[in-house]
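Shown below, as structure tokens, is a lone chain in the form predicted alone; questions about how it binds or moves come after it.
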């Protein structure tokens, strides 16, 4: 079997499952078929409450303080259950590339439960704002993200009020720049994208009034609402372009940002870094940037372009697996996860936390880092080695480590590593050595 089959499953996907490489066929076609075609979600995950339902569950403001502790406990428990299902889907999905695209874009547009009020939102946010658009247009994902309760609450835009608006003149609460700043710095143009503080302020004013319905106000499946009485009146100038007041001008501003050349460059660099190398080839970045520009931000075309990039198919593993990727790849290697109990899923999530990562738990709006130096420190590596040994010891049936390595990584395993596996004292040590090998740690 060629190395390309194993690269398709491990670098582009979430890790090979037993026997999967042998049945793969054309690796590039296998990946292309997943662009826009993800496996169905687990029924319990797909049926989890949506954002509109969650907003209807929230009490009126004058009762929120009395119910805060109870609500936090309820939403925290639901979050852990939903993230367990998300893990389980990653363990078993036959469309690992599609799932990796979801993870990439969810990290690009990060929301995080480090803010405790966010426990209610990650599952609905991913299902409503990210998954439907991973092969669609960038602008459609951007609009879905900015309109979602998860992002509006995480970056405080739901409470942002124009100082000169009708509401701003009545209450002591004003403009919040958080969402505008992160849209420019992280989501679109990038930190070197050519904007200034004046542009942050202008976009913040443009987005005033973009907020949420509550309780009985929520009809249907959309909790978003534009409140004209909170919107900063008058014209604004963003990146040298004048915008009038109103909701549609906000859509026009975001559309302009989505199609800006700096956005294409920023997204292309991040995409190449994720799929090719921490320091991707200049030519690869330029090619992806051109595709983004030429297709008006078609993310399916972007995914297809990285599949066609020769640099992405180099046999040398250049990307360090982050903890969630590492644990997911291990569970896939053993064919596990299909009928995993909640307690076991909780244990795996806690293991990821000890290794330094947890789903939707990034320390800042920048999301989780995508470079080896973030995950390859001595303490982090020790946690992985100890976890690998503990997992190997718990396996009811201990596979032969050499056979496992050939099945999961094939020719990507070096002769040196295969020699080490062959010299293992027992099956437990052999499996632990495989999971700790440089080839399995990377993709």
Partner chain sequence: MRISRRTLLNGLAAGSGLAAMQGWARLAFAGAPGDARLIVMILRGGLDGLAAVPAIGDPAYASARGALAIGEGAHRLDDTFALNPALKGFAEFWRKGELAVIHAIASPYRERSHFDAQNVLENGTARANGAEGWLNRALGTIAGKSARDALAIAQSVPLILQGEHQVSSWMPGVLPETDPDYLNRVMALYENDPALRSALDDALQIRAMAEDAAGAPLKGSGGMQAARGPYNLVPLAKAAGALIGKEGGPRIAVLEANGWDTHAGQGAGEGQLARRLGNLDEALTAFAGAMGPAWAKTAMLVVTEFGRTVAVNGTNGTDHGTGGAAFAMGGAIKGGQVVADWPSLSRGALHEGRDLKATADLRSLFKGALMATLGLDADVLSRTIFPDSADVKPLTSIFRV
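Positions refer to the first chain, counted from 1. All figures in this text were calculated on a predicted structure; none of them were measured in a lab.
Omitted here: the form predicted in complex with the partner chain. The next part is about that form.
Undergrad: Hey, of 44-52, 404-412, 372-380, 31-39, which bit sits against the partner chain in the predicted bound form at 4.5 Å between non-hydrogen atoms?
TA: Looking at the other structure, the answer is 372-380.
Undergrad: Please pick, from 269, 236, 181, 137, the one residue with any non-hydrogen atom lying within 4.5 angstroms of the partner chain in the predicted bound form.
TA: Of the candidates 269, 236, 181, 137, 181 is the one lying within 4.5 Å of the partner chain in the predicted bound form.
Undergrad: Here the chain is shown alone; which of 364, 290, 164, 74 has a heavy atom within 4.5 Å of the partner chain in the predicted bound form?
TA: Contact residue from the list: 364.
Undergrad: Do residue 386 and the partner chain come within 4.5 Å of each other in the predicted bound form, heavy atoms counted?
TA: Close contact exists here: in the predicted bound form, residue 386 approaches the partner chain to within 4.5 Å, heavy atoms only.
Undergrad: According to a 4.5 angstroms non-hydrogen atom cut-off, is residue 420 in contact with the partner chain in the predicted bound form?
TA: Yes, residue 420 sits close enough to the partner chain in the predicted bound form that at least one of its heavy atoms falls within 4.5 Å.
Undergrad: Is the gap between residue 286 and the partner chain in the predicted bound form 4.5 Å or less for some heavy atom pair?
TA: The answer is no: residue 286 has no heavy atom within 4.5 Å of the partner chain.
Undergrad: In the predicted bound form, is there a heavy atom of the partner chain that lies within 4.5 Å of any heavy atom of residue 144, even though the partner is absent here?
TA: The answer is no: residue 144 has no heavy atom within 4.5 Å of the partner chain.
Undergrad: Heavy atom within 4.5 Å of the partner chain in the predicted bound form: which residues of 409-441 meet that condition, in order?
TA: Contacts from 409-441: 416, 417, 420, 423, 424, 425, 429, 432, 433, 436, 437, 438, 441.
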